[in-house]
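Shown next are two forms of a single protein chain, provided one at a time as structure tokens under the names structure 1 and structure 2.
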Structure 1
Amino acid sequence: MLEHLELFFKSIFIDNMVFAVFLGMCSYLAVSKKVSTAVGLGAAVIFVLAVTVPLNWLLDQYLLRDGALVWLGPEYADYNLSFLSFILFIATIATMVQLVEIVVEKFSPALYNSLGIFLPLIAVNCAILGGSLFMQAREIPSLGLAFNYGVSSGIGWFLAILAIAAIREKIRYSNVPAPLRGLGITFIITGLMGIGFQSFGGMLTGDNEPPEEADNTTVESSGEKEIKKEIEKDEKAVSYNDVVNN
């Protein structure tokens, strides 16, 4: 249980897909202009990660890694097919995305209409392939943990795109220097948020059994910090407008 909890928090905050390893930056930058679309894409990413990471874990465990084919018989123990992992992982992802699209279209047209345009985009979202590749590189030991890893890194990505979309909606009212407008300022804000997320690095180090309360307080206080930051930003925008009006 504890390892699940640890992996969960670790993947959301410390190894956050966007802020720590820069995965899925393209869609993160392209689809974060409005909160509503960001939520749609974020949900789709969580869903696809939750499906593909365990699937690729099975592939890795029983087909690709060194000696994985031993279940076929002892004479297969020497095979190491791990050089095929890129092509098989991406094939799984592309197929799953297509399948999910067909299933969702058939059974839930409403959900399809809200997610529809994002689903094909997701096949080439690096966060998805990155999830599978990191799962392989970190040698996640069980199927349950692999599922956990998929879901929690999806949630981390969701949080990131939600936060930047909210900030970008606000920043439209601020006076950003013209050459920084749009892409430039988004990069810099993401960098600043990344520095904030770096501070989570201390969260799970120390003893083997991190006290629960300590975790919660860290999360809360940083949440408060972000809110404070946003409030400050609003105030700044307001004061600027006042100056202009006067």
Structure 2
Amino acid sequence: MLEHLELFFKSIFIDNMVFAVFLGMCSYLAVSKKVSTAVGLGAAVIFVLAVTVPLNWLLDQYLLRDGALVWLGPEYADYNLSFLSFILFIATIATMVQLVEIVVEKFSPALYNSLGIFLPLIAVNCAILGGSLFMQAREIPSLGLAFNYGVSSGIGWFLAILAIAAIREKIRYSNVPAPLRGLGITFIITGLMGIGFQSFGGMLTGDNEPPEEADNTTVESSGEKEIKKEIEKDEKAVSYNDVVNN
């Protein structure tokens, strides 16, 4: 459970797709002028990531990685289809994006028209493909963690585009200096938001090192050292007197 919570918060705040690795910036900048549009695109990204990352995890585990085909028989144990990762991952993503596009067009034509070309472009959104590639590179061990990573990464991207859309709607009525209007102030706000999101790293920076074994030697004060010296002198004197008397 703790592993799931750590991955969830880390994927949203610390390893945010926009602020940490700068993926999906085209849609982030182009579809963040209105909150309503940003919410629709963000929800679509969450859905696509939540579905494609676990599906691609299954493809990676049982088809792509070295020795993954052993379940077909021992003669397939030496096969390595990892060179097909990009093709299969993109095919899975394109299929799910097409499904999302059909659903949005059917049930929300206004949102479909407002998103325009950026809805089908989710298929080539580097944040979507990045989720599957990061899942593969980090060797996430279970399907549940892969689903968690997909959902949390999507939520992180959703929060990023929602926050910048809300701020851009507000600063529209602000007295922004002329050279900074438009993308200039947007880049500055994005940088400040990135710093703010990275500050959440303190939530997960505990002492992960195993506690060192306590040393048997105790730290002695100067007074204790003097007392020990006096005792050693007395013992030596007693042993010398015993030798002389004998």
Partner chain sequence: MALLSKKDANLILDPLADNNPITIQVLGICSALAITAELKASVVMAISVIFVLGVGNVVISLLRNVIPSKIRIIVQLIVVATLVIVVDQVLKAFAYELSKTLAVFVGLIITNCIIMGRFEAFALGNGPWKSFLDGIGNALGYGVILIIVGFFRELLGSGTLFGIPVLGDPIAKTGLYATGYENNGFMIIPPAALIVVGIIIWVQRSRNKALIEEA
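Model, not experiment: these values are computed from the prediction. If you superpose the two forms and keep the largest set of C-alpha atoms that fall within 1.5 Å, you have the rigid core. Numbers follow structure 1, counted from its first residue as 1.
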| property | result |
| --- | --- |
| Identity of the form predicted in complex with its partner chain among structures 1 and 2 | 1 |
| Threshold 2 Å Cα movement between structure 1 and structure 2 at L133, rigid core reference | no |
| Residue shift check between structure 1 and structure 2, rigid core fit, I155 Cα at least 2 Å | no |
| Shift of W71 between structure 1 and structure 2 at or above 2 Å (CA, core fit) | no |
